[in-house]
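This document starts with one chain, in the form predicted alone, laid out as structure tokens.
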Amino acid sequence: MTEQRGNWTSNAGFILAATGSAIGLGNLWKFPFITWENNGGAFVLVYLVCIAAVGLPIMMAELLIGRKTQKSAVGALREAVGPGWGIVGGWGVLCGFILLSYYTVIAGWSLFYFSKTIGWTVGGFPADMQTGDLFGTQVSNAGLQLTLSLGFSIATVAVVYFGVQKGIERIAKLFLPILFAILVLLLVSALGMSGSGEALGFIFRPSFSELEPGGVLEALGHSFFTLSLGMGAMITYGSYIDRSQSIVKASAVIVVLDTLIALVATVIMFSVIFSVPGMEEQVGGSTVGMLFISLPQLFYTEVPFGTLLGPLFYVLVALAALTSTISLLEVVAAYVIDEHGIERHKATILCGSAIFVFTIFAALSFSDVPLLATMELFEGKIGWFSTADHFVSNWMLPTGGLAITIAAGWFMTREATAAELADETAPGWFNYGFWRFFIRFVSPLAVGAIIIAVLFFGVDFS
């Protein structure tokens, strides 16, 4: 079983894999949109505080549970906290299963837009192209949706099939540097645009008079969701950490990289938007509109070297999505391997196939919708896609995260958690007492506020 599970061969390999899990469409898609909706500046500052006060302590908690037990989510919580806590781990596995079933559909869109942008780069951007109509046409094409989703699912299964070292870690070491390089290239181009100064001011100049109370709650919610917390992913990845690798250092690096990439992506998008007269009024209403409707056309009509950067941008989106889908499938596969003793190759194919059954429902959620030329697609609940997204974002992730904070802060002993965090690998700046205070009081109250907002005030984080 130990041979089946494997371990990260290096701290760098683990950090890249875990960062890849955290980096996903939330960084390139959702964060820029909610920053725009909440008027930048003050929202970004509040978000950074929430990342440090809520996201980082929970990240450490999940990783320490995984490393302590060397087991996947169900077995880890059962052993580290108590017999009944395996249910919480099972909740996380189910969350990963459901989330992956529709996340793959969105990831498939990046493949479609990569192929389109390659065609536009070679053959020129059509003068009469309406990217809103293009998006509506492709999402309502059932055959195309299934093909794109299947392609992404196969790629995900192929990586997890080869295990922790030869699959997940190897791909992370290859893809994450490519992802970083593309992001830097896009950033350099964006900073050369006329609207970059206005974009930077919008993002980093705080004006608290423009921040609504709902914006604070949204910053809190995204600081938790963006790090792949509450679904067992970090517990599972933590179970492959060697005792010589520092949980504290790794957590800090993962959180910093995830946050930095979200901010860089936001600078890139806003520099483009502010460089085009009148574009500010056209952006809004949906995260889809910013990523799959506005940007494709702007790359070929307004952005310097856009014919090169357009395809690279959607390669970036695809790589970010793939590193996230890999971690989601690993959560489910690791559970089957550990709890049912099924060999990794069989477990991976079994889990990937079962999840794809539900991916079919998600892909077909759009097939009975007429051609959609605007960003109104996600305003209503459409089939399995929207139902699953709503359930995962508003209920599964927050309740799972709350349970983790309570488990690590109140049910695990001080000695057990200190042995994993305050060991010889801990950096000098780390203060265990601060972490314990935040995981016992600050993080549970913060995640509890998310649940209360959903339950009593109808706030929707999906």
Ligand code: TRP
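Numbering starts at 1 and runs along the sequence shown. Here the structure is a predicted model, which is why all the values come from computation and not from measurement.
The same protein also exists as the form predicted together with the ligand; that form is not shown, yet it is the one meant from here on.
Exactly one listed residue, out of 35, 27, 417, 405, brings a non-hydrogen atom to within 4.5 Å of the ligand in the model of the complex: 27. Among the residues 250, 99, 190, 164, the one placing a heavy atom within 4.5 Å of the ligand in the model of the complex is 99. Just one listed stretch, out of 180-188, 269-277, 321-329, 106-114, contacts the ligand in the model of the complex at the 4.5 Å heavy atom level, and that stretch is 321-329. Contact check for residue 228: a non-hydrogen atom falls within 4.5 Å of the ligand in the model of the complex. Put simply, residue 168 is far from the ligand in the model of the complex: not one heavy atom of it is within 4.5 Å. In the model of the complex, residue 77 stays away from the ligand, with no heavy atom inside 4.5 Å.
In the model of the complex, at least one heavy atom of residue 233 sits within 4.5 Å of the ligand.
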